[in-house]
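This document opens with one chain alone, in structure tokens, the form predicted on its own.
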Amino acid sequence: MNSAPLISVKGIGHRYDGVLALDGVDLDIPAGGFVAVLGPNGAGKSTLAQIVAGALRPLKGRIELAGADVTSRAGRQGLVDAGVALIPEGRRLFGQLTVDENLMLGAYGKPRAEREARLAGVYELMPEAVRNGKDRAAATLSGGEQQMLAVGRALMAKPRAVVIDEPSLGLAPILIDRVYEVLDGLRRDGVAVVVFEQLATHAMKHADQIVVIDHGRISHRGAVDDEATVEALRMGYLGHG
């Protein structure tokens, strides 16, 4: 795994209506790495996820992609064109559009032949219910199927980094395992993966690095198997549930 950061956020500070969300956060995402950012609800995870993906411009600090300052490019479109895909909390699928249509939107603007080639590859990763329900409205899928569809839509952009916020939220353990298996496969293919989670249980099985955030600040970072990491999680509630 290349240890040079693909994405770096430095000195990040952000507020909402005067309320502090992030305070002096530094985070490096290695190319081909798997980083799990863990913290309780309200810790600043979703704000940081959007900033890492370039979907939100921070009030302080900067965002770097492959060493270049891209802070000024941050906004609603994020850094999709530069190969960074965000899967937000809640998935934000188009519920009335079909599975096929939702996936195709992930490669919007690409030649049709290229989109169809990508579509075939993405369907190979999808559970059977999604593969066999290409013409179903996305809103009719189960929560786990919708999460997989959201991952698939992100993969249609051929990203070099995937940022996913709360992938486990509301899913049964067996479905969470399936989502993480796909994410782990991406990492093996050289895609950087960053997950933002409340619970450590599944993230600990797949991540290389664990980062703990609380009250808008990083309180711990380390390799997943470091004794200090295990102790940091044991002292909180992040490994339960």
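None of the values given here were measured: they were computed from a predicted structure. We number the residues from 1 along the sequence you see.
Not pictured, yet referred to below: the form predicted in complex with a small molecule.
Contact here is defined as any heavy atom lying within 4.5 Å of the small molecule in the model of the complex, and by that definition each of N41, K45 and E89 is a contact residue. Although the partner is absent from this view, Q209 stays clear of the small molecule in the model of the complex, with no non-hydrogen atom inside 4.5 angstroms. Within this chain, E166 lines the site of the small molecule in the model of the complex, having a heavy atom no more than 4.5 Å away. Residue contact check for Q198: one or more of its heavy atoms lie within 4.5 Å of the small molecule in the model of the complex. Contact annotation for A21: at least one heavy atom lies within 4.5 Å of the small molecule in the model of the complex. Here the chain stands alone, but in the model of the complex its contact with the small molecule, taken as any heavy atom within 4.5 Å, falls in 33-41 among 61-69, 33-41, 183-191, 199-207.
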